[in-house]
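Heads up, the chain below is alone and in the form predicted on its own; it's given as structure tokens.
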């Protein structure tokens, strides 16, 4: 992989190998004891952890946070152990890493290591861009890899942790990781009775644990280490309980379907209400590629993460996408971005042709077929909260649910004005093609050939009229012919509505109590929310890219799991953001 320096990317680990013993150039330290690497991880971290949790009740949820992913040994060993736990219990494993190892080094280290999930871990190992990376490694084991420096990662992490695996380089070589400010953040994120395990017995580590409310004890160390430390909060520890509750989702488009998938993965079968309004999800081919800019702001980094999370989605085809910008300004912009990213994410294949190898397209039909979700088609006209959320069609009650997710951006009558959503009309056609094997994006987007046809999309207008526009059909047709250099026969036309927000970013999160926001200046200061009411909508033209990860985040947030998005990213998507901005300006 061509490694480039940019705000998007972290510097990968620079490793010297002494047989199978890795040494870090950055920290001038070993990754583990020579020739006892795997056994050390087992003795120091995994076995003490398993002794504490092996008898927890069914339907328990345990969260581990590891500082120092390294080669993923602790992660893999812990996931292997979890196979012996009740299937109803869930393990959330967070791992924070500033210098991720290169995949070639990862494969070298794990070549002779036996773990059930090794191949899946290697296949899903993230590219070294900053941010949160979610991987489901087993049905009941979720991995959250956070690539960032430890202080920033912990500040942005939205989780409550039961066990800490403090497995960074030695305090003498990696002072930042063992700083008191880091231990303050560890304490803030800890659940009652949380424990901290580490190979180190350094006085600085003991002092910082104790200064932040942990009691400590020394136990015999492993190998050359005489002693090691355990820290614990002096309260009774009980695991969190896996939440069992009911959900109704209004909206059967991309956001609603991805919310339903996230719930189904957790053995919760939601009721899905299809309001019947035509949205983009009915178009047979939808583009999946990240939204990027010249500066690596959080919304662009989480777009990259969302693009990666689509890899495992049923109905996703990673064909790659080539962007052919039609203006000199856009050509210059993409050249700058291309120089910030590795070739595995973006490469200029020829002059002003920019290829995204990890992009592709999505089929909603294939996704629905795989998940086999049941939908009820009915028009909801009124919502009321009376201890539960009740939905009515005219005066007839249709559902009653503890949790309601509104994922129907085109049905504005159910949404408050404060969300500032507008309807965007989009149109697409299918044309006869042959041999197209990747998505091409320019003035229009042309998709790969499937059964002799390709979708052409790319018209947008501020309108809620669901009539085919001959003018838009002509624009799509002529631009597709110009891009492919041949005449094309139109086979079908579609028109639909998608929702877009004022800043063109999705709206994802719990509904605030609007009346209580009058003096609120920042999203993080919101204190009062509508119990059980959530939004997941306004994905605009990027629903197929973003909706799956953001839906996964919303469900993890509702159910008290470590969140797939950080606190900064959550604020960017907050339903209250426009209301707060408007009153701050006043």
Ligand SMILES: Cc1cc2nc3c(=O)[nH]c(=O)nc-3n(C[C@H](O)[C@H](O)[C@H](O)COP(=O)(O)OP(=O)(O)OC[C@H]3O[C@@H](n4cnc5c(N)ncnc54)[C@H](O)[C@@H]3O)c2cc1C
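Numbering follows the first chain given and starts at 1. Here the structure is a predicted model, which is why all the values come from computation and not from measurement.
As for the form predicted together with the ligand, it is not shown, yet the points below apply to it.
Exercise. Just one of 37-45, 513-521, 52-60, 535-543 has residues with a heavy atom within 4.5 Å of the ligand in the predicted bound form, so point it out.
Key: Partner-contacting stretch among the options: 535-543.
Quiz item: Is there a heavy atom of residue 98 no more than 4.5 Å from a heavy atom of the ligand in the predicted bound form?
Solution: No.
Exercise. Verify the contact flag for residue 379: yes if a non-hydrogen atom of it lies within 4.5 Å of a non-hydrogen atom of the ligand in the predicted bound form, no if not.
Key: The answer is yes: residue 379 has a heavy atom within 4.5 Å of the ligand.
Quiz item: Is residue 286 close enough to the ligand in the predicted bound form to count, meaning some heavy atom within 4.5 Å?
Solution: So residue 286 counts as contacting the ligand.
Quiz item: Is there a non-hydrogen atom of residue 132 within 4.5 angstroms of a non-hydrogen atom of the ligand in the predicted bound form?
Solution: No, residue 132 is distant from the partner.
Practice problem: Would you kindly say which of 440, 78, 427, 198 lies with a heavy atom within 4.5 Å of the ligand in the predicted bound form? | Solution: Residue within 4.5 Å of the partner: 427.
Quiz item: Which one of 291, 341, 228, 497 is close to the ligand in the predicted bound form, taking close to mean a heavy atom within 4.5 Å?
Solution: Of the listed residues, the single hit is 497.
Quiz item: So which bits of 250-272 sit within 4.5 Å of the ligand in the predicted bound form, heavy atoms only?
Solution: Those in contact are 250, 251, 252, 253, 254, 255, 256.
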